[in-house]
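We begin with a single chain expressed as structure tokens, specifically the form predicted on its own.
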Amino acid sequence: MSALRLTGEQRAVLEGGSGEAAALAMRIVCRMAGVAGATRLRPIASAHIDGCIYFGDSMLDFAERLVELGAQVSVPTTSNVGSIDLIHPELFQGPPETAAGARRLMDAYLAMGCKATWTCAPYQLQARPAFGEHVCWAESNAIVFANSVLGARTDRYGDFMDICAAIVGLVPDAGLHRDENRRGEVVFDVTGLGEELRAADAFYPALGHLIGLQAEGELPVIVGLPAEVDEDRLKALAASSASSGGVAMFHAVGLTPEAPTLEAALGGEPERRRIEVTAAMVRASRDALGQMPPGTALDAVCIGTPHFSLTEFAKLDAVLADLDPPALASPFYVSTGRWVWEEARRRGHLERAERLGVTVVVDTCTYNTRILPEDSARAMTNSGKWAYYAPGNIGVDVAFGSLRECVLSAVAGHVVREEGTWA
């Protein structure tokens, strides 16, 4: 911390010139700058707060203490998911005291000026960071997406640090805010894989899971992805890699803005390692996310982690229209943000799904809070992140598959596989 140089204005905040809440926030930001080895603080344009999820009294105590001290965010600040769906509170299956704590926590962040977005995918909102813009984003998948797909700059921030940075509008000038830390290091080459496999939606969470496990702290560069890969697939890749390996950024050559070429992605330096990705490796990664034998009865199907986009709602509607099922045999949940939910409904993407009994969950996600009935034991998902966290978070066994396999399984009430792409 002694190496940190503050401006006169920043020192005045630290010494209480902007109030006790800002001074507390500044002390924490300065202490984290010392840990990161930063010599200065950098202004940010916006923040995204992960600390809205209620994990116990410590979360609530910290937020309400800031409110008591009069804290207000100084930059536009969005809110991550909470632990309850405020629009459909009846969906929560946990203890009433947990629901009460979750609501208080969400209220505390609103009191500090955060926007009631309640989404883990703030990049789906109408306003999102520009290329090169410095932000303080928490929530693992959002961090990777901001750095990789948008070309904005954020380090990997966690609970408490995120709201402190939002209050003072500053972060340590360290980590992925700096050019030298954004260079790719380990190359994952997928050019040897078949076109059909690389065109499959389930390929991207499986590849992300593989990259997270094998990157070993080095910044990944992916070579050989199709030119038409969309943001939803990059989102799925980002979320899986962040879950399995703490990845905070990747480059996809020809796709992401800082990687027009392999040389640019590597920052002119030689690659440290190269991993030739085989079909067998990706299949093994897919299976590691969760396999159950076809015919295994399901208690639920859960998609939308990270939150479903408008494009994904349109794809779900198209799959349902193609299959034209008379009913769904397994409960089916889709998690999404408020804005996307409202817009999807306005565009008619939800009519068929809701008629079939699909439950849309907003403000939260089914893997980190008790939405599924307590006796749920087996669930299916198309999300690598959901598959990675749900067994530990909510105690279910998971089957991982494509969106179409998830719908087929919900119709049948048991696991259905279409192995053609993976054969």
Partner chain sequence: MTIDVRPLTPGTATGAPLRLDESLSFWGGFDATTGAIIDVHHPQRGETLTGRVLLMPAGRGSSSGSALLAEALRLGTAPAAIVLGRVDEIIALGAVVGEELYGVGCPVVSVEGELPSVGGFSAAVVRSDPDAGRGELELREG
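Note that the structure is predicted; figures quoted are calculated from it, not measured. Numbering follows the first chain given and starts at 1.
Omitted from view is the form predicted together with its partner chain, to which the following refers.
Stretch 148 to 156 is the answer when you ask which of 271 to 279, 180 to 188, 348 to 356, 148 to 156 has residues with heavy atoms within 4.5 Å of its partner chain in the predicted bound form. D61 belongs to the set of residues with a heavy atom inside 4.5 Å of its partner chain in the predicted bound form.
Taking the partner from elsewhere, G169 is found to have every heavy atom lying beyond 4.5 Å of its partner chain in the predicted bound form. In the predicted bound form, its partner chain sits within 4.5 Å of a heavy atom belonging to E216. Among residues of the shown chain, I28 is one whose heavy atoms approach its partner chain to within 4.5 Å in the predicted bound form. With respect to its partner chain in the predicted bound form, the three residues P89, P294 and P325 uniformly fall beyond 4.5 angstroms at the level of their nearest heavy atom. The partner is absent here, but in the predicted bound form a heavy atom of G245, alone among P331, P129, G245, G101, sits within 4.5 Å of its partner chain. Among L320, A252, M161, A71, the residue placing a heavy atom within 4.5 Å of its partner chain in the predicted bound form is M161.
Looking at 283 to 309, the one residue that comes within 4.5 Å of its partner chain in the predicted bound form, counting any heavy atom, is A288.
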